[in-house]
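Take a look at this single chain in structure tokens; it is the form predicted on its own.
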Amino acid sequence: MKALDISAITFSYDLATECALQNFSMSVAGGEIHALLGPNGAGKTTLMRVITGQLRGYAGSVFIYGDNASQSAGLKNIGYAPQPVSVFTALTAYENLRFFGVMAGLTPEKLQERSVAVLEETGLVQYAHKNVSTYSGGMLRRLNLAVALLHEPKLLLLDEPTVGVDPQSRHHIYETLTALNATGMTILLCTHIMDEAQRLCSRVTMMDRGAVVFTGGMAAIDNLEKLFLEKTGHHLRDE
């Protein structure tokens, strides 16, 4: 079954600008780790916002495990770790998890169980009651991931989950994602790190200027960065 099925999405932030997404279609099979690649401004974050229901008013459709993403039945299956770390630095890790768990509708018993589990998965157990403002960049990224995993989503969306982290945290995140995928969790990984995509993902979709420019199996690609530059060009993307 398809975990994610996106069909002909077109979206513009306003009528005066070109479309951020143009007739964009892709699918992610259940149980795979799928890379989403694109240069700055390609529309990756816009696509993530459409999938997670943050943006409306688009043409086309998004289905998550057969349920429309515009409805709660579809959205409840998503876990999302955005590129900007979205936790409260004035709180501890445990307090953050308690807040987001209540927002997700977890019972007190389930919230306690899941908080312990995600803290263990992300290597933050010994720091659970420390103020997040004291955390390193790698610890913040791992807490961002822990929040996304709290309600046991079937589909995990990750937007640059290892940007700015040290090699040890990056390695731990890789091991965590591999272990989660082994349990059957589907992962859509948005990244600029080609080695990361090639190491973790079985399939890849490349996008540029809001449209798909390539999709295929990772095993058939010898040099992912070379293919990426062939499909998206060599000119700088500073905006």
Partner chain sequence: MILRQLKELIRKELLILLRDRQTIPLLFLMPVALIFFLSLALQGVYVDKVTGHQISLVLENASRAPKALQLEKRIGANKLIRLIARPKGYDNDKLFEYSKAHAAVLIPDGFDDGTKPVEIHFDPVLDAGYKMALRSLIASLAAEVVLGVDDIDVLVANFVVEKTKKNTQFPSPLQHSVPGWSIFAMFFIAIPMSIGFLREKNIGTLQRLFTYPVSANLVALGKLIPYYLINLIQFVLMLAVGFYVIPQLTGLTFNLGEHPWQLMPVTIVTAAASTGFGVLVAAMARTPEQSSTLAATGAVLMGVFGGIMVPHVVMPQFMKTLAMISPMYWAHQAYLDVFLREASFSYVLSKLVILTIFALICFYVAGRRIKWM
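It should be emphasised that the depicted structure is a prediction, and the values quoted were computed from it without experimental measurement. Residue numbers count along the first chain shown, from 1.
The form predicted together with its partner chain is left out here; the points below concern that form.
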Item checked: 4.5 Å heavy atom contact, residue 27 to its partner chain in the model of the complex -> no
Q | Contact label in the model of the complex: residue 54 to its partner chain, heavy atom within 4.5 Å | A | yes
message: Taking its partner chain as it sits in the model of the complex, is residue 108 near enough to touch it, meaning that at least one heavy atom pair lies within 4.5 angstroms?
response: yes
Quiz prompt | Partner proximity in the model of the complex: residue 136 to its partner chain, non-hydrogen atom cutoff 4.5 Å | solution = no
TODO: Using heavy atoms and a 4.5 Å cut-off, decide whether 211, 218 and 233 all contact its partner chain in the model of the complex.
DONE: no
Assert contact residue (its partner chain, in the model of the complex, non-hydrogen atom within 4.5 Å, options 117, 102, 163, 125) equals 102
Contacts from 65-88 to its partner chain in the model of the complex (any heavy atom within 4.5 Å), listed N to C, are 72, 75, 76, 80, 81, 82, 84, 85, 86, 87, 88
